[in-house]
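Here's a solo chain for you in structure tokens, the form predicted alone.
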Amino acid sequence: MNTLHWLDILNNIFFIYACLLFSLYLFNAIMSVFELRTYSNTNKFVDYKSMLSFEKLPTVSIIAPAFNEEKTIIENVKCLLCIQYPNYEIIVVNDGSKDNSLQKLIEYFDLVKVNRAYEANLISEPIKAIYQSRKSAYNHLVVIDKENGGKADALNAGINVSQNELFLAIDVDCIIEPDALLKMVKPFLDDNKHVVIASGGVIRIANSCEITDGKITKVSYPKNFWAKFEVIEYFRAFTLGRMAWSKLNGLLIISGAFGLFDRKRVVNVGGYDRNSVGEDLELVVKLRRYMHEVEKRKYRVAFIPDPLCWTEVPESFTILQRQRNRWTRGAIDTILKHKRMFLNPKYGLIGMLSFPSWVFFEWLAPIIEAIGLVYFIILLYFDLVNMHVFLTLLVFVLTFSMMYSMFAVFFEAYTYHKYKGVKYLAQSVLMIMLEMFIYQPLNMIFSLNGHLDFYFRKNKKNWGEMTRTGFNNKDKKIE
């Protein structure tokens, strides 16, 4: 078999992969439009405040792990206390913080130690103390002080202490809308055909927004260079990607920053995997696998397209690359742990479509991109590139990428319109153009480094330090 024949085979492989990838993006765009229309038609006349009088609303525990969060801990807990819901508790889990997080909570909310009974259904590091407030206004606030064990371990401890039907796992640095819990709970009430096991919502970026008393008072496009890219990235991931998979009931991930779960079923599957740095993805995959293998009932993972949660994203190159490295390692770990689901018809659409998509377009994507780049350089060196064909394909790829990102930006503007102004749209278009030459190549490098760490550097479980800028009261901005 001569060299040209091998080149033809490789060219066809790359071409088929690219066609499948473009098809997936088109699928996401089309399906997300249908899903949003369905959601809007179903919920546009809903008076969520009227739900506050419902007698059979499920009880909810909000579990917020905290590690060295003294910059934002008071503001964030105040935000959680403003949630509109008739029967819920807030469980802040101080995961062995080395700063003054716990002391600030004790002083501000007038906390005292209590003897609260709980069942240790899930494995976690030892709980040293449980606190509650002496003030009646904060009687639904619980603070757990425990040995450090990581985010998954802290969530397991919170689940053990919780006493309600559902639990909301949330990053303590998040700002959530007052009616967020009502909207997240609604799928558990509405669906008569499926058992709803989890519900997720859209995450938006709070950097440079104005925040007063735990509420977003003014939404602004980030001033930070890296955060500008991340806004566009989140539009694509949530507004298009996750909404599309939700339409097919094939969603495999609910953001660890904001997800509502059936507590009993989470306990049944052993809770969060303490050995995974991608605990959010791993839990949803594990729950889906449990429903297929054990309960064998029709079920659904719901997704709410409303922007319900605002979070701070990395603003430094170092923190950004640590985060993406961790995301990659978490995805690889989950895929390998649940590899029996791959192309397995026993798991229905999840096994035949959702899981393979993660394998080919999440796990393998950076590797294929890197191989393709090296392959192109080799062809260029030996003068085997048809420049006319190459330039035509390059223009097509760049144009497609720009149009997809612009569609995500304008789709968000058309639907929820949280970011306003011509200046914002002009900056978005500029960042979309820069993204293809700066941000996307860097993400490929970050992901490849995550692969190397996972396979060769024995760095599978390292979370990586995530320093926050922090935001304070009285119109202080996240910069």
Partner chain sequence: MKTLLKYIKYLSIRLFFLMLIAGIAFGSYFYRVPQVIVGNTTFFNPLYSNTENTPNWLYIVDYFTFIFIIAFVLILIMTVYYNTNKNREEKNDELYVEIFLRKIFSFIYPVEEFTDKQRISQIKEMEKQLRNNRLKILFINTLRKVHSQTTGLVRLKTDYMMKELKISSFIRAYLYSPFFNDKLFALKVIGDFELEGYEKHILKLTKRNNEVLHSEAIITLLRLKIYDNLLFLVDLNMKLTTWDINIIIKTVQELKIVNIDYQTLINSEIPEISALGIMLARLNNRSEFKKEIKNKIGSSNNLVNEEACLSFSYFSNNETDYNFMINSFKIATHKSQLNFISRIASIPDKESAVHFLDWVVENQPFSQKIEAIGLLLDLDLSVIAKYKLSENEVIRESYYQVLDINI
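Numbering follows the first chain given and starts at 1. Here the structure is a predicted model, which means the values were calculated and not measured.
Separately, the form predicted in complex with the partner chain exists; it is not shown, and the next lines address it.
Note on contacts: among 382, 376, 225, 118, the single residue with a heavy atom within 4.5 Å of the partner chain in the predicted complex is 118.
The contact with the partner chain in the predicted complex, taken as any heavy atom within 4.5 Å, belongs to 189 out of 343, 371, 189, 349. Annotated contacts: 45, 193 and 417 all touch the partner chain in the predicted complex [non-hydrogen atom within 4.5 angstroms]. Of the candidate stretches 335-343, 313-321, 389-397, 199-207, only 389-397 has residues with heavy atoms within 4.5 Å of the partner chain in the predicted complex. Though the partner is left out of this view, residue 406 does reach within 4.5 Å of the partner chain in the predicted complex, counting heavy atoms only. Interface membership of residue 36, defined by any non-hydrogen atom within 4.5 Å of the partner chain in the predicted complex, is ruled out. In the predicted complex, no heavy atom of residue 441 sits within 4.5 Å of the partner chain.
When contacts are judged by a 4.5 Å heavy atom cut-off, residue 14 does not count as touching the partner chain in the predicted complex. Looking at 44-77, the residues that come within 4.5 Å of the partner chain in the predicted complex, counting any heavy atom, are 44, 45, 46, 50, 51, 53, 54, 55, 56.
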